[in-house]
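Below, in structure tokens: the form predicted alone, a single chain.
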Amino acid sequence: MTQNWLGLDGKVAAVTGAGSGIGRAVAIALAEQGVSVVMLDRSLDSLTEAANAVSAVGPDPLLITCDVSDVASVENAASQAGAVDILVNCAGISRPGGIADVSVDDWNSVLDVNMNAYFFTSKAFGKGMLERGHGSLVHIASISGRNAQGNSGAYSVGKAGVLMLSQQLALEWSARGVRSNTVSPGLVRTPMTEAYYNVGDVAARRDKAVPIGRVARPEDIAQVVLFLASDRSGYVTGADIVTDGGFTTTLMSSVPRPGYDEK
């Protein structure tokens, strides 16, 4: 167990989508800091596997199967979890489809998990934080919340909603001791996106597109979450930390500029 300047030892954190991807990495990173992690996910099998990795580096986690898109399920999970100091919203899904063709069901399912669920969990777990006058909410958003991602149904719309939800929570709750911030990853290799990387030279092309030279690992995002979860970011609220390896800085480089092109 590694303890450092973050001062998270002894805290309790709830992490949604903790069975895989960024949520799993966040749960492990928190446990390494001595945090007792409440792991939420729809899949008990995924939770059980991830819990083994968490227990290997920190306190044994509490596992709760939860459908974060269902208010009753979320409220039940919050009741089981008890007092929580930190909430990290990582749950997410993706459904392909252009606006002209995406079904209403697919549109709503993405918004239910990627945006509405963040509202449900913030209310349910934030209630106790407000009563105690201290807490930190961290929500995984995306650079696609500010940069439309085509043919992805409601994905960008939902992530844009998360950005504004976090700002509104920060506005209303910060004076009561509860901060709210977002992390906006760029390209991250997770189980949800792994299929992309198994096609041709997509993996190499994606790495090349990122100025830092590689696509992010879930652990890269987790490190930023640790800072926002801790009191070291005590004066940070309503903020969004873009964690994309510099990818969004490449926008203007896609525009031809004779005489300015790289030699």
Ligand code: NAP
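None of the values given here were measured: they were computed from a predicted structure. Numbers for residues come from their place in the sequence shown, where the first is 1.
Just so you know, the form predicted in complex with the named molecule exists too; it's not on screen, but the next bit is about it.
- Looking at G21, you'd find a heavy atom of it within 4.5 angstroms of the named molecule in the predicted bound form.
- Though the partner is left out of this view, G186 does reach within 4.5 Å of the named molecule in the predicted bound form, counting heavy atoms only.
- For S142, a non-hydrogen atom is located within 4.5 Å of the named molecule in the predicted bound form, even though that partner is not displayed.
- The named molecule in the predicted bound form is not approached by D220, whose heavy atoms all lie more than 4.5 angstroms from it.
- Screening L130, V102, I93, L163 for any heavy atom within 4.5 Å of the named molecule in the predicted bound form leaves a single hit, I93.
- S69 is the sole member of Q33, T237, S230, S69 with a non-hydrogen atom lying within 4.5 angstroms of the named molecule in the predicted bound form.
- Heavy atoms within 4.5 Å of the named molecule in the predicted bound form are found in one stretch of 76-84, 170-178, 121-129, 153-161, which is 153-161.
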